[in-house]
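A single chain, nothing else alongside it, follows as structure tokens in the form predicted alone.
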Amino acid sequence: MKELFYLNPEITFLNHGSFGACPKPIFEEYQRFQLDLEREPVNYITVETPRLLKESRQALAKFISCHEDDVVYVQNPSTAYNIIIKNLKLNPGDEILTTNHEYGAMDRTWNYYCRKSGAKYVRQNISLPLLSKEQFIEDFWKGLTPKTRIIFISQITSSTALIFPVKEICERAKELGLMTIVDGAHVPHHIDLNLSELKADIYTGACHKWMLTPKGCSFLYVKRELQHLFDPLIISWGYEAEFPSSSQFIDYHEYQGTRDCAAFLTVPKALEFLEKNNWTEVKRNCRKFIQDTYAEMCDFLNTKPICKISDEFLGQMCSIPIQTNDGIKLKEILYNQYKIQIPVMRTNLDFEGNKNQVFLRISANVYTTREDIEALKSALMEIRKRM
């Protein structure tokens, strides 16, 4: 299976979680769409692209269990959340309840708009190690106040690689009359996603990570009743459309002038590839690999897991606490001297009294091997001896 990817064989690639890796058959489909665009750009952009986008949205909507007119493609989750957060009518004193495990770009986006509006972004502490859903839920709702208006939460976190019980949080938020916005960047084809059951008001996911599409393919889902609240980031032909479709949401956010939509169009091919290659079994094997590796690496680094090692909290990634004074330097050494691509991330989390904890995050996909882990251990051992 490793031969199906373009990954440089000289690099030990343990970082699928950041930007994914696209198999050759899907990438070839991507290039075919780009070539069709160049062969007849006018007809392709004005006639073929809207038709192909609809077919792609239909395939995606079926996979994530929502209506095709309730989901639109965007380049990345950051774009999706700028559409959402910019349009929220936040008032001074309003509170957005989140966790202290959220993705840094999202923290920055919320902080930017909260400063403009006078709203407050509440990063509720989730204590580590995480041992039960009940522990998480209790920690999270301690941040609730009469001023809370919105819940923002990751379903799978980036730096800590934890699966959070988002369904339970959305259910409780609905009882409280709060809007729920879920960051599912890591979720599509990593863990099961059924939007009709999750009942989040707003959800975004990246297809270019675990769904294996080319880079620049993500989606934004907005509940039908809320879609009128969100104006497009870019005003173009879809606004006050001369020939409107059945969905203003699609018109507003899909038609943005000249752009290459090829990555969006590969979703049907990606889903076909994943089914054909029995990716359910691949994911199961990768989860087992991560769970075994997590315990092993914690023993090797003389540290402890930040969660109970189980399917409840772990998918195809794990974040291992590591003792280092300079995570950036360690990452550079691992890559430049040992050709190991792996994130080393400093956080403001407190784990066992170590504030600003640094995590070494391992991602596993079908191409990850036992030899990759041994190479990482060997490199860390040499670095430790030198430093």
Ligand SMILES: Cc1ncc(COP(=O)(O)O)c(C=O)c1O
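Note that the structure is a prediction, hence the values are computed from the model and not measured. Counting begins at 1, following the sequence as shown.
A second form of this protein, the form predicted together with the ligand, is not displayed here; the remarks below concern that form.
Q: Select from the listed residues H253, K269, H186, K283 the one whose heavy atoms reach within 4.5 Å of the ligand in the predicted complex.
A: Result of the distance check: H186.
Q: Exactly one of S158, T180, T98, T293 has a non-hydrogen atom within 4.5 Å of the ligand in the predicted complex; which residue is it?
A: For this set of options, the contacting one is S158.
Q: Answer yes if any heavy atom of Y103 is within 4.5 Å of a heavy atom of the ligand in the predicted complex; otherwise answer no.
A: Contact with the ligand, yes.
Q: Might P77 be said to contact the ligand in the predicted complex, defining contact as any heavy atom within 4.5 Å?
A: Taking the distances in the predicted complex, the answer for P77 is yes, it comes within 4.5 Å of the ligand.
Q: Is it the case that S18, even though its partner is missing from this view, gets within 4.5 Å of the ligand in the predicted complex, heavy atoms only?
A: Yes, contact at 4.5 Å.
Q: Given that the ligand is not shown alongside this chain, does H190 nevertheless sit within 4.5 Å of it in the predicted complex, heavy atom to heavy atom?
A: No, no contact at 4.5 Å.
Q: Using a 4.5 Å heavy atom cut-off, indicate which stretch of 128-136, 149-157, 256-264, 229-237 touches the ligand in the predicted complex.
A: Stretch 149-157 is the one.
Q: Residue by residue through 200-225, tell me which have a non-hydrogen atom within 4.5 angstroms of the ligand in the predicted complex.
A: Stretch hits: a single one, K209.
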